[in-house]
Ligand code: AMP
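Coming up is one lone chain in structure tokens, specifically the form predicted alone.
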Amino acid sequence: MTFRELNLTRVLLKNVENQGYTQPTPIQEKTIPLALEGKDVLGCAQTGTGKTAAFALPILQRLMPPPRRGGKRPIRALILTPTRELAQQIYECFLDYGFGTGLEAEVIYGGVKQEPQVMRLKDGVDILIATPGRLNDLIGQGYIDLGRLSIFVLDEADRMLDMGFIHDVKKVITHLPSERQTLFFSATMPKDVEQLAMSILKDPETVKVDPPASTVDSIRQSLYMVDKANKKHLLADILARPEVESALVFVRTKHGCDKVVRDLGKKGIEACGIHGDKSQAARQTALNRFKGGQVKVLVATDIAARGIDISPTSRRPMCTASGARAGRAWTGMPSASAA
């Protein structure tokens, strides 16, 4: 199947092609037709399977044409996501996919001053991408009205609950119209996530493209058994190998993230880190340096990095998990067929 078979408008097809895509992923192939029909969708798919386009493209098509100029635009679509980086990434996707549609999108998140965000919302937007805390803050201050919303997306729902956002999410939902389309996405579907989904979805169509918590086929995994004191030496040895052109290192804690960066620096391996205690500017700078090849290693907590799209062009990415319990160190690298 191609995107042309999904009944997307010409402008959206052109934008998709400009991004280099011709064939939809399984989650896109199954979700886009349902979303275009206005149905609620419960989607369960791994991070990195193309969920953003699966909801962004039908949202853009359903909201076209934009309202005529004159007066403040009402927010008609809301995408709620757990982290700042993911919110920014989704916003950029809407800009790419929505080029030439006349629709306005904006992103808001915490960790930065709210005034610039409030100013950008002054004339209204069609599509708002937000993290729960900042969204509730601005709703409470009277800057955001969701009363005319028609489409609601809850992305990375399992991570939202893991991060303790359940009460913030439920608070947002109280501000939404009862008559709306809801698209709910999660990489896993434990009972608490399923209960949340059933409380906000109406007769949903279920889309599952991979077993929950399964491993991406293109990842080759290795497990090293090593005592705690030597994990940092093993990690440095692995990352210093010439075949490792770039690497993502996942750690369990914010303190562990900073420590790994320092330990690698002592070994002559430049690394940068992202976690929840760093400012948004510092996190974005670290991501940009890694994506641009200025640094070889990005160290991150899973919460900070969940769902981030890092697509090296000429570099071969490697992922490692350090700081796991019982002295385990995991590494994974795309297989030769996926590199």
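All values derive from a computational prediction rather than experimental measurement. Numbering starts at 1 and follows the sequence shown.
The protein also exists as the form predicted in complex with this ligand; that form is not presented, and the subsequent description refers to it.
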Residue contact check: Arg283 to this ligand in the predicted bound form, 4.5 Å heavy atom: no
Gln89 within 4.5 Å of this ligand in the predicted bound form, heavy atoms: yes
This ligand contact at Asn288 in the predicted bound form, heavy atom, 4.5 Å: no
is_contact(Thr49, this ligand) in the predicted bound form, heavy atom dist at most 4.5 Å: yes
Heavy atom of each of Phe152, Ser178 and Gln181 within 4.5 Å of this ligand in the predicted bound form: no
Stretch from 33-41, 288-296, 270-278, 50-58 whose residues place a heavy atom within 4.5 Å of this ligand in the predicted bound form: 50-58
Residues from 7-40 in contact with this ligand (non-hydrogen atom within 4.5 Å) in the predicted bound form: Tyr21, Gln23, Pro24, Thr25, Gln28
